[in-house]
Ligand SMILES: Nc1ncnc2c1ncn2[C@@H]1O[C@H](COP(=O)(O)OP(=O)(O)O)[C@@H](O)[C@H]1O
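Heads up, the chain below is alone and in the form predicted on its own; it's given as structure tokens.
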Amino acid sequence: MARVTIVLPEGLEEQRELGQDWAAWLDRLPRLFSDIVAEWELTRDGDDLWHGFCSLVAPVHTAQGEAAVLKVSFDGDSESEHEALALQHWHGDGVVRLLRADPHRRALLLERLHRRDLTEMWDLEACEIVAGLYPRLHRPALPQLTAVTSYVERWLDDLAGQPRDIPIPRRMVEQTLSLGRDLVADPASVGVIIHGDLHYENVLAADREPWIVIDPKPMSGDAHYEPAPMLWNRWEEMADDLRAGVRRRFHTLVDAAGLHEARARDWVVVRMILNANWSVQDAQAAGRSLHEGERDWITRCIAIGKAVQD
């Protein structure tokens, strides 16, 4: 079989700015992708190359002619380490089917779904769909999965070590540290498989059922950890009344999924302020001021954290 050559998408190449580990992986990726295509006897289906924040995805056909996609992820992303394990465990129940995997190389062969996602739906209807998928994902956690609390504890320590003049209201920093430490100490914060990044673009249309979940970051966690990404995505749609828009989505998710409102709210606040701090840390690590995109993101995170509480 002739060797496949690819040019990485510009959006993925931009991740070189994140450090040497990313740059080294991007340097290896074209050869790695080509090797897997050859070893698994796959055929490219057109020239399309899609990408997420840390993965390259391409439509392919198997040797048997089955339409599939090949996904190769950044091998330094600890949160996606057990993606293949979780997909195998879910066995296609509301989730994309796993056809083949090489966890060491972070390569997955997945069923082909449609390119249509929940961004085309009314946002509250999309929230109801996602809430209906939560129970299918939240099975008892596999012992190999990392506890979400282990990540959160480290992120809280990073936040606690920040100077007082970072562009996050001090009262929200203190609130996040208090709420977060209580959640980390609570045994109920682990125990079920959580997706970790379930939002509109990670739910695709399919033939075998209307909507299928993709791209999990599986951890042992708490179902109440899940709603936050549904609030920070499709942000521009809430420009007319941000507070009301955030609250409508939040309460739709909580009510439709039967979640405990106060606990879900606490997790939203913690996740949003930790997200804001990551942008601060990125600028600090690069020895520069925050750029416009980072300032906008921090503003968004703070606004969501306030809106679910007001």
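Note that residue numbering follows the sequence shown and begins at 1. Just so it is clear, the structure is predicted and the values come from calculations on it, not from any experiment.
Another form, the form predicted together with the named molecule, is not on view; read the next lines as being about it.
Picking from 199 to 207, 179 to 187, 128 to 136, 152 to 160 the stretch near the named molecule in the predicted bound form, with a 4.5 Å limit on heavy atoms, gives 199 to 207. Looking at Ser279, you'd find every heavy atom of it more than 4.5 angstroms from the named molecule in the predicted bound form. Interface residue remark: Gly52 is counted as part of the site for the named molecule in the predicted bound form, having a heavy atom within 4.5 Å. Mapping the unseen interface onto this chain, Asp215 counts among the residues with a heavy atom inside 4.5 Å of the named molecule in the predicted bound form. In the predicted bound form, Arg112 approaches the named molecule with a heavy atom inside 4.5 Å. Checked against the named molecule in the predicted bound form, the candidates Leu42, Leu274, Val57, Leu259 yield a single residue with a heavy atom inside 4.5 Å, and that residue is Val57. This chain lacks the partner; the member of Ala223, Val96, Met230, Ala141 within 4.5 angstroms of the named molecule in the predicted bound form by a non-hydrogen atom is Val96. In the predicted bound form, Val69, Lys71 are the residues of 64 to 82 with at least one heavy atom within 4.5 Å of the named molecule, listed from first to last.
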